[in-house]
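One chain comes next, on its own, written as C-alpha coordinates: the form predicted alone.
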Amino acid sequence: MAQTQVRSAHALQVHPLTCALGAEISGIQLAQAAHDAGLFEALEALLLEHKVLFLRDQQLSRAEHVAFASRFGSLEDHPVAGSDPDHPGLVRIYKSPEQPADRYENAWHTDATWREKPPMGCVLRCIECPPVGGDTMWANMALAYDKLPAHIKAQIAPLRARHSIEATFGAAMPIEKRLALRAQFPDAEHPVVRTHPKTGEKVLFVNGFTTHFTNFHTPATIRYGQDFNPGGADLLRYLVMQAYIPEYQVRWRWQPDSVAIWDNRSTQHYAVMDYPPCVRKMERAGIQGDTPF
(Lines give C-alpha, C1' and ligand atoms only; values in the text may rest on other atoms or scores of the structure.)
Protein backbone atom coordinates (compact mmCIF):
# COMPACT_ATOMS: atom_id res chain seq x y z
CA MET A 1 0.00 0.00 0.00
CA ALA A 2 1.31 3.43 -0.88
CA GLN A 3 2.92 5.57 1.78
CA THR A 4 0.98 8.61 2.93
CA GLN A 5 2.46 11.82 4.30
CA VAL A 6 0.60 14.18 6.64
CA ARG A 7 1.50 17.21 8.73
CA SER A 8 4.63 17.91 6.68
CA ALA A 9 5.73 20.45 9.27
CA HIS A 10 6.50 17.52 11.56
CA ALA A 11 7.95 15.23 8.83
CA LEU A 12 5.40 12.65 10.01
CA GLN A 13 4.91 9.77 7.61
CA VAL A 14 2.19 7.11 7.68
CA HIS A 15 2.65 3.59 6.29
CA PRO A 16 -0.56 1.49 6.45
CA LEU A 17 0.21 -2.16 7.29
CA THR A 18 -2.99 -3.99 6.34
CA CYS A 19 -6.34 -3.22 4.77
CA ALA A 20 -8.06 -3.80 8.11
CA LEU A 21 -6.10 -1.69 10.60
CA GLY A 22 -2.66 -0.61 11.71
CA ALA A 23 -0.16 1.94 10.44
CA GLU A 24 3.54 2.44 11.08
CA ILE A 25 4.48 6.05 11.85
CA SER A 26 7.94 7.39 11.09
CA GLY A 27 9.74 10.71 11.20
CA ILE A 28 8.78 11.72 14.75
CA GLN A 29 9.59 11.08 18.40
CA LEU A 30 6.78 10.58 20.90
CA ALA A 31 8.77 12.48 23.49
CA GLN A 32 8.19 15.54 21.30
CA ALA A 33 4.49 14.77 20.85
CA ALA A 34 4.06 14.89 24.64
CA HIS A 35 4.67 18.66 24.45
CA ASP A 36 3.64 19.52 20.87
CA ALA A 37 -0.11 20.05 20.60
CA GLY A 38 -0.18 19.99 16.80
CA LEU A 39 1.80 16.77 16.58
CA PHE A 40 -0.32 15.11 19.26
CA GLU A 41 -3.53 16.10 17.44
CA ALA A 42 -2.18 14.56 14.24
CA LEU A 43 -1.43 11.30 16.05
CA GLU A 44 -4.82 11.29 17.75
CA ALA A 45 -6.57 11.63 14.39
CA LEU A 46 -4.45 8.86 12.88
CA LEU A 47 -5.28 6.60 15.83
CA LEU A 48 -9.00 7.01 15.18
CA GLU A 49 -8.41 6.23 11.51
CA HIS A 50 -6.06 3.24 11.84
CA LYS A 51 -6.97 2.04 15.37
CA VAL A 52 -3.40 1.00 16.21
CA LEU A 53 -0.20 2.94 15.48
CA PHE A 54 3.34 1.55 15.55
CA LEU A 55 6.63 3.41 15.92
CA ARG A 56 10.22 2.20 16.05
CA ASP A 57 13.40 3.68 17.51
CA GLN A 58 11.62 5.74 20.14
CA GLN A 59 14.06 7.20 22.67
CA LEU A 60 11.46 7.41 25.39
CA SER A 61 12.08 7.55 29.12
CA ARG A 62 9.47 6.28 31.56
CA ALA A 63 8.57 9.86 32.48
CA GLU A 64 8.15 10.75 28.79
CA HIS A 65 6.12 7.59 28.22
CA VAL A 66 3.73 8.63 31.00
CA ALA A 67 3.68 12.25 29.80
CA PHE A 68 2.71 11.25 26.26
CA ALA A 69 0.03 8.77 27.30
CA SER A 70 -1.41 11.32 29.73
CA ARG A 71 -2.22 13.61 26.80
CA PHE A 72 -5.09 11.23 26.01
CA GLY A 73 -6.40 11.23 29.60
CA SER A 74 -5.69 10.09 33.14
CA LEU A 75 -3.78 6.82 33.53
CA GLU A 76 -4.88 3.81 35.58
CA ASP A 77 -3.09 1.05 37.44
CA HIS A 78 -3.89 -2.65 37.14
CA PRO A 79 -4.99 -4.54 40.29
CA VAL A 80 -3.06 -7.70 39.35
CA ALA A 81 -0.14 -6.67 37.14
CA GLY A 82 2.65 -4.72 38.81
CA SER A 83 3.20 -1.00 38.17
CA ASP A 84 6.37 1.03 38.26
CA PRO A 85 6.55 2.51 41.78
CA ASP A 86 7.86 5.85 40.53
CA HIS A 87 5.39 6.23 37.65
CA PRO A 88 1.79 5.39 38.62
CA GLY A 89 -0.16 4.04 35.68
CA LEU A 90 2.88 2.49 34.01
CA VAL A 91 2.26 -1.26 34.21
CA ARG A 92 5.27 -3.55 33.90
CA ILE A 93 4.63 -6.71 31.86
CA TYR A 94 7.85 -8.62 32.43
CA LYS A 95 8.20 -12.25 31.33
CA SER A 96 11.14 -14.51 32.13
CA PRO A 97 11.84 -18.27 32.11
CA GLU A 98 11.21 -18.34 35.86
CA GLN A 99 7.80 -16.68 35.58
CA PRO A 100 4.63 -18.58 34.61
CA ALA A 101 2.90 -17.46 31.43
CA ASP A 102 0.05 -14.97 31.72
CA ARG A 103 -3.03 -16.86 30.59
CA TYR A 104 -4.86 -13.68 29.60
CA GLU A 105 -2.14 -11.95 27.66
CA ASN A 106 -1.97 -14.77 25.12
CA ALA A 107 -5.69 -14.75 24.40
CA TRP A 108 -7.79 -12.39 22.32
CA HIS A 109 -9.07 -9.65 24.62
CA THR A 110 -9.89 -5.98 25.02
CA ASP A 111 -8.09 -4.58 28.05
CA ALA A 112 -10.00 -4.42 31.33
CA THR A 113 -13.56 -4.68 30.05
CA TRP A 114 -14.29 -5.95 33.57
CA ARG A 115 -14.20 -2.26 34.59
CA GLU A 116 -17.36 -0.18 34.45
CA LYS A 117 -15.26 2.24 32.39
CA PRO A 118 -12.73 0.20 30.37
CA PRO A 119 -9.57 1.96 29.13
CA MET A 120 -9.94 4.09 26.02
CA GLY A 121 -6.49 3.09 24.84
CA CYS A 122 -2.97 2.07 25.73
CA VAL A 123 0.62 2.99 24.91
CA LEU A 124 2.92 -0.06 25.03
CA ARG A 125 6.72 0.17 24.83
CA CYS A 126 9.16 -2.69 24.29
CA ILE A 127 12.11 -2.67 26.68
CA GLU A 128 13.54 -6.10 25.85
CA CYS A 129 12.31 -8.88 23.58
CA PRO A 130 13.46 -12.20 22.14
CA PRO A 131 15.27 -12.13 18.77
CA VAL A 132 12.36 -14.05 17.23
CA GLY A 133 8.83 -14.49 18.56
CA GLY A 134 6.75 -12.55 21.04
CA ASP A 135 4.77 -10.66 18.40
CA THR A 136 1.46 -8.97 19.22
CA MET A 137 -1.65 -9.08 17.04
CA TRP A 138 -4.63 -6.72 16.91
CA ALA A 139 -8.10 -7.17 15.43
CA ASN A 140 -10.49 -4.49 14.16
CA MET A 141 -13.75 -5.14 15.99
CA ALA A 142 -15.64 -2.39 14.14
CA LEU A 143 -14.88 -4.24 10.90
CA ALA A 144 -15.82 -7.52 12.60
CA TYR A 145 -19.22 -6.07 13.47
CA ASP A 146 -19.71 -4.57 10.02
CA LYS A 147 -19.12 -7.95 8.35
CA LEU A 148 -21.61 -9.85 10.52
CA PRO A 149 -24.70 -11.28 8.77
CA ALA A 150 -27.72 -9.00 8.99
CA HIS A 151 -29.76 -11.46 11.07
CA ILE A 152 -26.95 -11.71 13.65
CA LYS A 153 -26.75 -7.91 13.89
CA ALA A 154 -30.49 -7.81 14.54
CA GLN A 155 -30.27 -10.56 17.17
CA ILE A 156 -27.42 -8.97 19.16
CA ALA A 157 -28.58 -5.34 18.92
CA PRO A 158 -30.42 -5.38 22.30
CA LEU A 159 -28.08 -7.79 24.10
CA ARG A 160 -25.87 -7.00 27.07
CA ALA A 161 -23.12 -9.13 28.60
CA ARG A 162 -21.09 -9.56 31.78
CA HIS A 163 -17.30 -9.13 31.92
CA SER A 164 -15.38 -10.59 34.86
CA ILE A 165 -11.95 -10.19 36.41
CA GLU A 166 -12.87 -12.83 39.00
CA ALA A 167 -13.43 -15.53 36.37
CA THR A 168 -10.20 -14.65 34.52
CA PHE A 169 -7.33 -13.12 36.50
CA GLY A 170 -8.92 -14.35 39.72
CA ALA A 171 -9.55 -17.93 38.63
CA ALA A 172 -6.15 -19.26 39.74
CA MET A 173 -6.15 -17.34 43.05
CA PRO A 174 -7.00 -18.86 46.43
CA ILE A 175 -10.71 -18.44 47.06
CA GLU A 176 -10.22 -15.67 49.65
CA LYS A 177 -8.21 -13.54 47.24
CA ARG A 178 -10.57 -14.30 44.38
CA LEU A 179 -13.62 -13.20 46.37
CA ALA A 180 -11.80 -10.08 47.55
CA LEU A 181 -11.00 -9.25 43.92
CA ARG A 182 -14.67 -9.69 43.00
CA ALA A 183 -15.69 -7.41 45.87
CA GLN A 184 -13.30 -4.74 44.62
CA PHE A 185 -14.28 -5.17 40.97
CA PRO A 186 -17.80 -6.61 40.61
CA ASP A 187 -18.60 -7.97 37.17
CA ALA A 188 -19.31 -5.16 34.74
CA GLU A 189 -22.21 -5.23 32.27
CA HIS A 190 -21.74 -3.72 28.80
CA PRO A 191 -23.65 -3.68 25.53
CA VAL A 192 -22.65 -6.44 23.13
CA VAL A 193 -22.45 -3.78 20.43
CA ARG A 194 -21.01 -0.47 21.62
CA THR A 195 -20.87 2.84 19.78
CA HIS A 196 -17.45 4.43 19.48
CA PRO A 197 -17.76 7.85 21.19
CA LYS A 198 -15.50 9.62 18.69
CA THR A 199 -16.19 7.96 15.32
CA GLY A 200 -19.76 6.73 15.79
CA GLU A 201 -18.76 3.26 14.57
CA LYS A 202 -20.60 0.21 15.86
CA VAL A 203 -18.14 -2.16 17.56
CA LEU A 204 -18.52 -5.81 18.52
CA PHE A 205 -17.69 -5.61 22.24
CA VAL A 206 -17.30 -9.14 23.62
CA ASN A 207 -13.97 -10.82 24.29
CA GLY A 208 -12.06 -13.19 26.56
CA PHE A 209 -13.33 -11.41 29.71
CA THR A 210 -17.00 -11.89 28.71
CA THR A 211 -18.76 -14.67 30.63
CA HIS A 212 -22.40 -14.58 29.48
CA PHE A 213 -25.29 -12.53 28.17
CA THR A 214 -27.46 -11.00 30.88
CA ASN A 215 -30.71 -10.51 28.93
CA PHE A 216 -30.74 -13.45 26.50
CA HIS A 217 -33.28 -15.56 28.42
CA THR A 218 -36.50 -13.95 27.13
CA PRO A 219 -39.61 -15.37 25.44
CA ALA A 220 -38.59 -13.69 22.19
CA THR A 221 -35.25 -15.52 22.15
CA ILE A 222 -35.99 -19.02 23.44
CA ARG A 223 -38.88 -21.53 23.34
CA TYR A 224 -38.17 -23.35 26.59
CA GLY A 225 -35.72 -22.86 29.43
CA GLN A 226 -33.51 -25.65 28.14
CA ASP A 227 -32.73 -23.51 25.06
CA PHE A 228 -30.91 -20.97 27.20
CA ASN A 229 -27.59 -22.69 27.76
CA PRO A 230 -26.75 -23.82 24.21
CA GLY A 231 -28.37 -20.81 22.56
CA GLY A 232 -26.61 -18.10 24.54
CA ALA A 233 -23.30 -19.91 24.88
CA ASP A 234 -23.09 -20.80 21.21
CA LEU A 235 -23.89 -17.25 20.12
CA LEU A 236 -21.31 -15.77 22.50
CA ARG A 237 -18.68 -18.24 21.30
CA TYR A 238 -19.41 -17.31 17.68
CA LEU A 239 -19.08 -13.59 18.43
CA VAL A 240 -15.85 -13.96 20.43
CA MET A 241 -14.34 -15.97 17.58
CA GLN A 242 -14.76 -13.10 15.12
CA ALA A 243 -11.42 -11.73 16.37
CA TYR A 244 -9.75 -14.91 15.06
CA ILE A 245 -10.40 -14.00 11.40
CA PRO A 246 -7.10 -13.03 9.67
CA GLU A 247 -8.75 -10.44 7.42
CA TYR A 248 -9.51 -8.34 10.51
CA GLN A 249 -5.96 -8.51 11.93
CA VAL A 250 -2.52 -6.91 11.92
CA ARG A 251 0.63 -8.48 13.41
CA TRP A 252 3.58 -6.50 14.81
CA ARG A 253 7.11 -7.77 15.35
CA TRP A 254 8.69 -6.08 18.33
CA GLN A 255 12.15 -4.59 18.64
CA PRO A 256 13.57 -2.73 21.66
CA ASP A 257 12.32 0.89 21.71
CA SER A 258 9.27 0.02 19.57
CA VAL A 259 5.91 1.47 20.66
CA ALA A 260 2.31 0.53 19.90
CA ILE A 261 -0.61 2.87 20.57
CA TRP A 262 -4.07 1.35 20.26
CA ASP A 263 -7.71 2.32 20.58
CA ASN A 264 -9.04 -0.11 23.16
CA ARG A 265 -12.63 0.81 22.33
CA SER A 266 -12.54 -0.71 18.84
CA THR A 267 -9.86 -3.43 18.92
CA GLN A 268 -8.81 -6.67 20.55
CA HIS A 269 -5.22 -7.86 20.86
CA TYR A 270 -3.27 -11.07 21.44
CA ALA A 271 0.31 -11.39 22.70
CA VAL A 272 1.76 -14.47 21.02
CA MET A 273 3.37 -16.69 23.67
CA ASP A 274 5.88 -18.51 21.44
CA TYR A 275 9.18 -17.31 22.93
CA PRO A 276 9.97 -19.17 26.19
CA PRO A 277 12.57 -19.51 27.62
CA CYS A 278 13.46 -15.99 26.46
CA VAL A 279 12.89 -12.71 28.29
CA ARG A 280 10.26 -10.19 27.20
CA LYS A 281 9.87 -6.87 29.02
CA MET A 282 7.09 -4.44 28.10
CA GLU A 283 5.72 -1.34 29.82
CA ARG A 284 2.16 -0.20 29.24
CA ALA A 285 0.32 2.99 30.09
CA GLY A 286 -3.44 2.40 30.16
CA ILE A 287 -5.66 5.46 29.68
CA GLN A 288 -8.96 5.76 31.52
CA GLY A 289 -12.06 5.51 29.36
CA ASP A 290 -15.79 6.05 29.64
CA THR A 291 -18.88 3.91 30.07
CA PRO A 292 -19.67 1.97 26.87
CA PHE A 293 -23.02 2.74 25.29
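Model, not experiment: these values are computed from the prediction. Residue numbers here begin at 1 and follow the sequence given.
Keep in mind that the form predicted together with succinic acid is not shown, yet the notes after this line are about it.
Note on the partner interface in the predicted bound form: the residue among 127, 152, 93, 222 having a heavy atom within 4.5 angstroms of succinic acid is 93.
Taken together, 105, 136 and 280 are fully in contact with succinic acid in the predicted bound form: each brings a heavy atom within 4.5 Å. Just one listed stretch, out of 139 to 147, 159 to 167, 106 to 114, 174 to 182, contacts succinic acid in the predicted bound form at the 4.5 Å heavy atom level, and that stretch is 106 to 114.
The closest non-hydrogen atom of residue 271 lies within 4.5 Å of succinic acid in the predicted bound form.
Proximity of residue 54 to succinic acid in the predicted bound form falls outside the 4.5 Å heavy atom cutoff. Among residues of the shown chain, residue 262 is one whose heavy atoms approach succinic acid to within 4.5 Å in the predicted bound form.
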